[in-house]
Structures are given as structure tokens and as C-alpha cells.
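Taking the form predicted alone, here's one chain by itself in C-alpha cells.
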Amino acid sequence: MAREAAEKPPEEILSLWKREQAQLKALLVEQDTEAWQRDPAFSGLQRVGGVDLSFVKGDSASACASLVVLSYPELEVVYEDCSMVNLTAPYMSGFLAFREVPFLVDAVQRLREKEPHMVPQVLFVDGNGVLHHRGFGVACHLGVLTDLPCIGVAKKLLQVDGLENNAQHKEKIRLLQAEGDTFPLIGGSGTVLGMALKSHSHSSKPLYVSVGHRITLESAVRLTRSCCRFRSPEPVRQADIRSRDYIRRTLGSPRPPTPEQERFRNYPLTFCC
């Protein structure tokens, strides 16, 4: 998912978003809720999903929202949904969900209506879960709204609660030698916010895995590792590949944002009552 800075929304909108995050966070579950999660081989897990938003080059408002479902453990795509969307909310660090999640929720809802037997048993999200400024990132937001187990997988360290991409952190990364090696991301508060994972033997950079919803960090890390053919888990990788391909096939050239999009006239984007 590409994120570009934009005009800061009014303080009343930020206050609204903070209240909604707090309301939804109260529904967050950080435990394994499914039998397959507690099985060492994930027996019973048959479908894993991934979501992504890819932006039109030169246009921070037009994007392709993608949802894919893969068979497990084969990791073959069995369902995909790509659609062009217009984002009206600005990107603000810590509030990514209010910009992107509505379109991902729509994709999950379309799947539930069209082919309910294909609904994934877990969703991988290109972003953070509880590794977040207020402990409720995009993976948590999507998980709570869809009531699906979710895993946040980020390529860059979100520097919150004292976490820093400093020399000490880089030394820990250097010590990740074998595929599957990890180290915990412990904030200044003493809370374990996620795990750095060497997801592939040929990757020099880790993934940052965090709980989204209805799964423990241990299960999230194990499943992420088992879904990686390359650095990124295959559900997210396929969602990214297919969303970019959809843009190429659908648009001949980038479209400039409309005046309405530039004014972000719809950016309150409330999710709950």
C-alpha cells in the first residue's frame, strides 16, 4: 500500500477518529479463537486471505482495492476481487484505517454475499495491528469490522512507544541468520508490540508482524512464516501483484484527482455508532 501525505484534517475530525478507534479497540481480541490456530500444523485451515491498495501513479486519491483468497497450505489463488476506488480521506499517520479500510470491508462484504464458502479464515494486512500509536492499527480496524482473524505485516518499523530503527535495532536484525529467526519488539512501556521475523532465507530485511484481531502473536508469526515463499506472505504479495495489474489493464493513463477529492469532503468516514 502506498501512502502519501496530504492536507491535515480539522482537529474535530481527528478527535472523532480517535474516539472511534477507542470504541473499536474495546472489541479487540488478542487470543486464538479458532481450533486451527492452536494446532501445530494449522490443521483445519483451508483459506487464507490478503488485502492491498495500490495507487495510480501520480494520483494519491485513485487506487485499486484488492482482496485475494488462497488455498492453504498450497497457497494458490482461488478467488480475487479488484476494484478501482477514490479515496477522499487524507493520509494521516496513525489514522490509515479511515482512509483505506472502508474499501477493504466492502470487498469482504461482496465475497460474503457472492461466495460465502470462499470467505478466508484469516486475513493478512499490509500494515500494522497493535503495533500502533494507540494500539489499534489498520489490521485491528479491519479485523474488528469484519470479525475475521487478522494479522498485520509491515515492511518498515513503526517507531512508537520508544521503538527506534537505531544501531541497536539494526544489530538485532543482523543477528537474524536463519529463516524463521525472530526477536520481540518491546516498547518502552514493557509491552511486546510485535515480532521482527526473518521470513525468507534470502531476505536481509525482516517483516514486522503484529496481532490484528482474534489471534495471538505466536500464532500470527508461525502462520506468517508458513505463508512466505518470498519476503512477504503470499496472500499480501498476490493482492499487491493483482491490484497493480488491474490498474495497468484498466487505466491507460493516471487520472488527476477531482476537486471533491482534493477537498476531502467525505473524510469523517465513521464506522460505528
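We number the residues from 1 along the sequence you see. Keep in mind it's a predicted model, so treat the numbers as computed, not measured.
Form predicted in complex with the DNA: not shown, discussed below.
Candidate site formed by Ser54, Lys57 and Gln159: every one of these residues places a non-hydrogen atom within 4.5 angstroms of the DNA in the model of the complex. At a distance threshold of 4.5 angstroms between non-hydrogen atoms, Lys155 is in contact with the DNA in the model of the complex. When the DNA is considered in the model of the complex, Gly137 lines it closely, a heavy atom lying within 4.5 Å.
Contact check for Arg47: no non-hydrogen atom falls within 4.5 Å of the DNA in the model of the complex.
Taking the partner from the other structure, the DNA in the model of the complex has a heavy atom within 4.5 Å of a heavy atom of His202. Checking 101-109, 128-136, 190-198, 173-181 against the DNA in the model of the complex, the stretch whose residues place heavy atoms within 4.5 Å of it is 128-136. Checking Val85, Val77, Val119, Leu96 for any heavy atom within 4.5 Å of the DNA in the model of the complex turns up a single hit: Leu96.
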